[in-house]
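A lone chain, given as structure tokens: the form predicted on its own.
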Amino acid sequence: MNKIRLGVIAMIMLIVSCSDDKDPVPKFETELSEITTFSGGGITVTLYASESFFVGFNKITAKIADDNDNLLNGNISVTPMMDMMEMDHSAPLELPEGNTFSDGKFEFNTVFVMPSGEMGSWTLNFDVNDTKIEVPVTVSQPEYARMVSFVSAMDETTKYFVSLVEPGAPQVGQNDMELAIFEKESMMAWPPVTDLEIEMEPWMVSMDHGSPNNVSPVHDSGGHYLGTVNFTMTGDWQIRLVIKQGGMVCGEPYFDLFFQ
């Protein structure tokens, strides 16, 4: 009798244990700041980034949910669009994880090439499982430019867009240096440029000197060029670049920086 009773108790405990062992509800977690949220077509898109959107290279995380805040999965695409009234154009775009997403999380990078304002307005146009939603976003021009553009001196036609990805928060000493370079082929096509040579010189403008131990950026992948920039003190600096293609100078852009 005791064996039968113990068997029944064990079976009951197993049933209760299994009934409580439910799959956890997916949660959306990020340490980034919420920038904006927009709903349409039964879908809500919430955008997150480390700071408000700016002219330059922006790393963006999107939360994709239904109107009841249930996280979605599936296929997705995004297109940045600037409406300039008389014409529209897109911008450089990177999809590190491709065109699928899970647990509501979708990460992408875009280079906003101009600010919002009188000249036009930006949207990020999503297609989520064949449902389209256009999310209005505001893009500002930072105090110190983080993207510069120039027309190639070689053909006076090709237009390059150079974004300063790193250092985002410069400090005294050696800093990771990263540039992302794209070409405007058409209003909708902005491919990465992978065949450039770059010479770099940091220069302290107010004291008229440079710094040692710098490594000029070289191409890594996808139009990203990596190197090392060394700042010997705080203050106002320029990162001066000479950009070449096939040994011929395309342009000589620079970035102004100031840090304390």
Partner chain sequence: MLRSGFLLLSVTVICISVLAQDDKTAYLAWLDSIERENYIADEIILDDLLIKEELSDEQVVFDRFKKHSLINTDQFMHCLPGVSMMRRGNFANEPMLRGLTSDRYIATVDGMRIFGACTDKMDPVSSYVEPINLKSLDISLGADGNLMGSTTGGGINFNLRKPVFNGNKKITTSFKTNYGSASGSFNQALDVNISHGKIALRLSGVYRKAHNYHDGNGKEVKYSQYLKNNYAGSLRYMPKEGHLLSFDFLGDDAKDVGYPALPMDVAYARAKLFGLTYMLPAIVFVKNAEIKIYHNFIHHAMDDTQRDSVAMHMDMPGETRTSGGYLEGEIFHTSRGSLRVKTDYFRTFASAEMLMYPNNPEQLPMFMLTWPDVHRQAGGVGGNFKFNPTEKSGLNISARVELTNSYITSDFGERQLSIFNESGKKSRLNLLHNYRLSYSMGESIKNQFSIAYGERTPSVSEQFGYFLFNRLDGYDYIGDPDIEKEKNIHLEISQHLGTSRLQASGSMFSYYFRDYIIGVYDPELSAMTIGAMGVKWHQNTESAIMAGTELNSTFMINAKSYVSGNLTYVYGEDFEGDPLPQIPPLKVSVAFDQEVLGFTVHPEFEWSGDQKRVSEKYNERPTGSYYLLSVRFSNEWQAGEGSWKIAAGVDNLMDRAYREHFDIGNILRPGRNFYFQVSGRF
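Numbering follows the first chain given and starts at 1. Quantities reported herein were computed from a predicted structural model and do not represent experimental measurements.
FYI, the form predicted in complex with the partner chain isn't displayed, but the following is about it.
Identify, from the list 37, 50, 30, 213, the residue with a heavy atom within 4.5 Å of the partner chain in the predicted complex. The residue in contact is 213.
At 4.5 Å between heavy atoms, only one of the stretches 224-232, 42-50, 191-199, 63-71 reaches the partner chain in the predicted complex; which one is it? That would be 224-232.
Among 173, 205 and 259, does every residue place a heavy atom within 4.5 Å of the partner chain in the predicted complex? Yes, each of 173, 205 and 259 comes within 4.5 Å of the partner chain in the predicted complex.
Residue 252: heavy atom within 4.5 Å of the partner chain in the predicted complex? Close contact is absent here: in the predicted complex, residue 252 is far from the partner chain, nothing within 4.5 Å, heavy atoms only.
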